[in-house]
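This document starts with one chain, in the form predicted on its own, laid out as structure tokens.
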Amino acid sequence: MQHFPIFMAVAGRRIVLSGGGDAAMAKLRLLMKTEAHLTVIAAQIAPEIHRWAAAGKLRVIPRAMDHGDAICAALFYAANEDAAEDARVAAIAHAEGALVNIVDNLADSQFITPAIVDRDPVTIAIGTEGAAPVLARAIKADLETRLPQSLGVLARIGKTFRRAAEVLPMGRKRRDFWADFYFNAGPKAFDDKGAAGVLPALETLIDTHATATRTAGHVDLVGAGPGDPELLTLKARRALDKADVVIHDRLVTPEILELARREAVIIDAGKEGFGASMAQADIDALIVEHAARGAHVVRLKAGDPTVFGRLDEEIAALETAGIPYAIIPGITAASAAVATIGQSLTKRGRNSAVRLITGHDTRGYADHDWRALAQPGEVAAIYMGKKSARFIQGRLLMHGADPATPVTIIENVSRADQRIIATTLAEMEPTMTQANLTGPAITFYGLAPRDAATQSLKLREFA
């Protein structure tokens, strides 16, 4: 970020604007929503600005700006629509200690004014650092339609009630109270009786939450998908929004962890085949420990937790401890990967079943029904198969598989650095080793990329 977003306190402080034309009026329409003391300085001032001054919304000084005009100003806008004059007045404001914005001059401005969705006191600022104002306006329009006008009323009433809510302990109990107010009791009271009905509803609600017994923790066992945040389910996104603690595996991408609630504790409980890892029993104990304290825990697993995710061990630990849980499935790597190569996991006339197999398990390289897999037309998605590639290749060839059977390796499925490598069973090794795979990879046995051009990727990768 080149601009760090903050909200500046301007109530009762000076904001000075130099300019009296269209650019000035556009800024003033926004600035008049604040409680700042506004001063407009320009030799030529539009009649509408004079009408605002007559209404007491701002003060005008009908002359060119001079030294001393920006003293004690928190913010200064140069909106003269003249580069030389804007540079002159900006220099004065700089010298007198104000933060300066020059309209339509991003490079020489100390701050920028974002697009704003106003549900006072709820304010949403949208900025693109000057790169895409049209995009910012589109996002603003979308949010305007989504957020009800009553949101501001509820927030104002809630603000006056914050001290009363301090009778509730900090943390989840207080957060549950406010969530109940803003998303359930508050909107209902407003719809039924208008603003007058909201405060009584708040008083009843706080009594209900204050006398409620301490709620037990809860665990969501969540699938994070293959890595692209846009492939998260809505349920997964909501779980991350509510999480007190997020316990994640090593394949969950930073972009997805960024979506967790800012106050959440983030714990890396990564496991790596044939490498350093946290023991499953320790992960189970960690989940139970935090949930037993009343926390909302999200156990975040890459892909789908029901596919090679050690889900049963974690469920058993939760059931033994009497902790409620929910399973939120995710898009498994096989589904995302097969979509990237333009294929289907099953196809009439080719295969009516697909096998999801793992390259290794707790005992080492995993054994499977190699004779059945070696039959023509069979398709398998091989998880965790990088280190076991030669073992799998040997077993299949030993049981009569065609050496020309297509094999496709997809590394970092759905991510920006995804790689697709097309080869055959006969060349599965040394292709895997030569590819120098560093990210998570899934291997399709029996499938080639639909795009013929993609099939030459291997040759280009290793040329």
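Since the model is a prediction, treat every value here as computed from it, not as a measurement. Residue indices: 1-based, along the sequence shown.
The protein also exists as the form predicted together with S-adenosyl-L-homocysteine; that form is not presented, and the subsequent description refers to it.
This chain is displayed alone, yet in the model of the complex one of L202, A389, A79, A302 has a heavy atom within 4.5 Å of S-adenosyl-L-homocysteine; that residue is A302. Checking F308, Y365, F190, W370 against S-adenosyl-L-homocysteine in the model of the complex, a heavy atom within 4.5 Å turns up for just one residue: F308. Here the chain stands by itself, but in the model of the complex one stretch of 136 to 144, 238 to 246, 256 to 264, 378 to 386, 378 to 386, has heavy atoms within 4.5 Å of S-adenosyl-L-homocysteine.
When contacts are judged by a 4.5 Å heavy atom cut-off, G21 does not count as touching S-adenosyl-L-homocysteine in the model of the complex. Of the heavy atoms in I410, some are within 4.5 Å of S-adenosyl-L-homocysteine in the model of the complex. Contact annotation for A98: none of its heavy atoms lies within 4.5 Å of S-adenosyl-L-homocysteine in the model of the complex. Among residues of the shown chain, V288 is not one whose heavy atoms approach S-adenosyl-L-homocysteine to within 4.5 Å in the model of the complex.
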